[in-house]
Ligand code: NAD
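Given next, in structure tokens, is a single chain: the form predicted alone.
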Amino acid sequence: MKDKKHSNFINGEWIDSKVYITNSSPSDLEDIIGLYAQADAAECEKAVTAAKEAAPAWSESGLEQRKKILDMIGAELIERSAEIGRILAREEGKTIAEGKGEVFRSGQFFQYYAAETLRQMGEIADSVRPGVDVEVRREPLGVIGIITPWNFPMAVAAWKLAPALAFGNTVVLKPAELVPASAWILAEIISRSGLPKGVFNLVMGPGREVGEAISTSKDIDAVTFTGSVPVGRRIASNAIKNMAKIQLEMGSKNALVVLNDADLDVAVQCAINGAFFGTGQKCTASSRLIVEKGVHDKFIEMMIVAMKKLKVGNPLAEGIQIGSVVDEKQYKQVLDYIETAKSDGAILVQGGEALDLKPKGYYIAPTLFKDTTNDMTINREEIFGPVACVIKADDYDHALAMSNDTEFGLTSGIITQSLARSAHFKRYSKSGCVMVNLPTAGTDYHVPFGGRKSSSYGSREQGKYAEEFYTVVKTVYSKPY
């Protein structure tokens, strides 16, 4: 397997490339997963052209045909979730349980949107003009460029691909360079699903070339992207020049608020889950723990006890709760943030060090700081690692204000037994997703997902709301003879 070359998929064929890169595991540096093609701008152009040529026929394809294909893709992902989840865990560093869960959820996305193909309903309205009928319908956009991140390499691809195909669009998928295996496996399954050639295309390669080619192409009708804020802004700047539709999911700095009346066992459980599981490499991770002063010290004591019990190590091993970070660059970046926090006056109370484990990989101990303020770098910038900071709040109003004092607004959470406080927080938290007595990480696939401010741009993803991005509205007026 490690010597096998995995090619790009363009216009219904596996296309060899001039360059292949070695995909290795961040949790076992001697574990080679395989060799993966690197497309260039010319290959990307071929993929876009294939998608453009396939678009008219696919847009008029039968709904039952689409449903059958998406159902088949989803069923195979679910059936093979243990096998594929292991490969995902190897290349990304998350635990095997999380890898299996991600693949299973990816299958659910395809099956959900398979059902949605049969729920595409228009509207009929009376005109203000007598004798005129009005019809409102949705139609496919055309060619969708999909650019996905490394932290959820299959789930994010699934929740973009499935609605794009369900609503009659053709696609060009560019996965993150660090995790090509997950995208290739998904492409291989799709290649056997019965999709007409050109409807789905996979172009693995560097963002600076392939991502740039997709976002600047005049034949791309829309671009959906999940990744960092700087890259998202560049993609938006490129795409808008061709008036392409844009959807961006970017950074976050999520807060979990813990009030004096909170059940602290629940608070600690939610904080551990939200801050450290997935090695903290989630856009929904709760890296800011804003704790009311009445329970502040007790909360930290309980967090330290819970954190000492966490098992870090080879994500393929039984009982491991936290794996490695995704690569050496991310590893060094997280350690740099830890040193920055110390320099800024934050007090390290648990973790904070690199771990020398077997097999050798990029492991960092779950890390907790106290005596931090909301204006510290560690509380302003996204770390994307197993690091959380406790911020003391004077009262609820102070906690809410600090929770909202960020350039981001993806998720937020509150732990409280007060109906009044939870109702107020749900209304006034400036984030796209609000959790009450739950971890900030963890969302359902049948409801909208997205944030505010610098976290998101464009219409929401997932659930019925996805049709807003993947379709265009047409209003038809007619007057019978």
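Not measured: the values here are computed from a predicted model. Start at 1 with the first residue shown and count on from there.
Just so it is clear, the following notes concern the form predicted in complex with the ligand, a form of the same protein that is not shown.
Put simply, of L165, I235, V291, I220 only one has a heavy atom within 4.5 Å of the ligand in the predicted bound form, and it is I235.
Between the ligand and the residues E98, E116, E76, E382, the one pair within 4.5 Å by heavy atoms in the predicted bound form involves E382. Listed stretches are 226-234, 373-381, 268-276, 182-190; the contact stretch with the ligand in the predicted bound form is 226-234, by a heavy atom cutoff of 4.5 Å. Proximity of V199 to the ligand in the predicted bound form falls outside the 4.5 Å heavy atom cutoff. Shown alone here, W159 lies within 4.5 Å of the ligand in the predicted bound form, counting heavy atoms only. The closest non-hydrogen atom of S252 lies within 4.5 Å of the ligand in the predicted bound form. At the 4.5 Å threshold, heavy atoms of F449 reach the ligand in the predicted bound form. Annotation for 157-179: interface residues with the ligand in the predicted bound form are W159, K174, P175, A176, E177 [heavy atom within 4.5 Å].
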